[in-house]
Structure formats: C-alpha cells, structure tokens
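Here's a solo chain for you in structure tokens, the form predicted on its own.
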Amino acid sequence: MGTASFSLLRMLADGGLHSGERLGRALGLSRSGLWNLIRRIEASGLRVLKVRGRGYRLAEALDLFELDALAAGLKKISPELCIEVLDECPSTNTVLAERAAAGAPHGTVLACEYQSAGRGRRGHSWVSAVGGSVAFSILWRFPRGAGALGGLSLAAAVGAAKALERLGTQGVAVKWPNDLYCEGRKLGGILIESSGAIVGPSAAIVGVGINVRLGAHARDRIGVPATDIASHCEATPSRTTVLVAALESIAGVLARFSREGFAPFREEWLQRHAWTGRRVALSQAGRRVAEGKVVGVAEDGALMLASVGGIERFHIGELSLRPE
C-alpha cells in the first residue's frame, strides 16, 4: 500500500470520524490525492466509510502495532532481541535473509504491518490481513552446522503454541512439520530458512505467521479452512501483545534448542499433535511417496509413519489426511 497509505491508516485507526480537509492538510494531499489513498486502503480489504459533509472513518477500529508498548515489552524479554517494524514488505523472511547475508546480528527481529507476498513452505503463499495478522521473522545464529537444525520448526511451533495458550487461546494444536491448528483449521505457520557450513556455524531465519482476527476478505483470499485467535479466545489480545508473547516464548525455545536440539521439546510437541494416529499421505515435490498412520516424531524431528513396510521416517514432505 505504501508509506502514505499507512500514514493515513494511523489517523483513521481509532475508528472515529475524521474531516477530509484535515486529513488532506496533515498529509499534504489534494482531495483527489486523499481519495486515491483511500482506494488503495480499500483494495487491501479494509472498509472506509464516507460521511457526506463530515469526513471519513474506518468501518472498524484497526489494531496496529503500538511501538512504545512493543519496545517496553521486548526490553523485559531478552537483551538479544532487536526489532524493527516496517509498514509493508514482500516477506519478513526475504528481507531479513538479505540483512543476514549483509551481516545483521544474532537476535535481529523484523515485523511488518502488512506482508504483500508472504511465503510458506514449498512455495506456498501466506496471506496477511492488515491489522488482523502478526508476521515476523527472527535471525538466530547457531554454533552447530545447518545439518544439526532438524526439528527446529517443530520446536518453534511449540514455543508459539505455548505463547498463544498463555494468552487464553484454547485448543492450540500442531501439525508436522510447521503448522498451528485449532479445531482442524490453520491458525498459523512457521517457515525456517537456514544457511551455513556443514560443521558450523549456521544461521536460521525463523518466520512466524499467526492469524489474530480475520475478516471475510482475508478468509476469501486464504482459500483454505483457516481460523484466528479471536475464534478461540474469550478476550482477543492486541497484535502487540501477541507479538511480544510469541517473541518471548520462541526466543527461549531457540536458546535451548541451540544447546540441546529438538529432544527436550518432543514430548510437548506430541502432546499437542493434531494428527497422532490418523491415516495420512505424505508427498514430496508433488508426488505421493508414502501412506500410513502417524506414530509421532523422532528426537530429530523426523515424522514416523506406520505403513505396510513398518515404521518409516521422513524429514521433509507435505501431509494430507486420508479416509480411515
């Protein structure tokens, strides 16, 4: 949407009525320039109401990040974390990977109000909703090689699930290898992108996307069964609160994972596993390679399937449920 659109959004975020003349004067825009910005905002799925002779307001108040509260919250969490919040970017993982290659320090966090081209695993897209989703990435540097990072996405999912549970979200489950679910619908996802030498050191970009409050426009764009925190929580926390809680929990997980690997998180992951004992098909590169019942995961994060050939282990792939 651009910087100017977000400047206008911040003025309208309270849901109150704002004079078009005052908005245009504050932004240095003509009436037509202001109208063009409003059209861009509406293209993102937000409704802007025009009250004849009085001005403009959003159909609903908008939950944008509170930067002062975010800084205060992170100050209490960890001195390792340093965050920047962008108005908009294609993907926090993409931007942070570029910064990591240029030498960004361990613990760098990048969040944004709106991802225009969010990414999931295997080239899938991740749809963000302005004011309704949380998307961020953490750069974490490890002394071990990239080959020792097996199970990192599972451990990060445990951290995210525990954060959401503490905020009152009920029924949070995990799905191998990187998804958060509630009642069979996708609540969030993890995208890990690692680099480094075989023997170490290595680095990982840990990308996290969580649905906080999805409107009809966002659900239509997602196109698959999805849910949000608001549907499973008595009092929906602010996006700032969700971001701080998720960072605190996941940073703690990453620090321990750096020392001990996935093993100490395995039981917590299994307790939340949505598809334990379910019959699934596993595909790699679009081709089905196995079918069987989910037994669990190994201490290195490998999926364990019981098939006609016995217990098989898989480190990569996409799962889909099969008829029992």
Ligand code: BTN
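Heads up: residue numbers just count along the shown sequence, starting at 1. Since the structure is predicted, the reported quantities are computational estimates derived from the model, not experimental observations.
Omitted from view is the form predicted together with biotin (BTN), to which the following refers.
Stretch 201 to 209 is the contacting one of 165 to 173, 201 to 209, 241 to 249, 76 to 84, since its residues have non-hydrogen atoms within 4.5 Å of biotin (BTN) in the predicted complex.
Biotin (BTN) in the predicted complex comes within 4.5 Å of a heavy atom belonging to Gly189.
Although the partner is absent here, Ala135 lies within 4.5 Å of biotin (BTN) in the predicted complex, judged by heavy atoms. The closest non-hydrogen atom of Gly118 lies within 4.5 Å of biotin (BTN) in the predicted complex. At a distance threshold of 4.5 angstroms between non-hydrogen atoms, Trp126 is in contact with biotin (BTN) in the predicted complex. Residues of 83 to 108 placing a heavy atom within 4.5 Å of biotin (BTN) in the predicted complex, in sequence order: Ser91, Thr92, Asn93.
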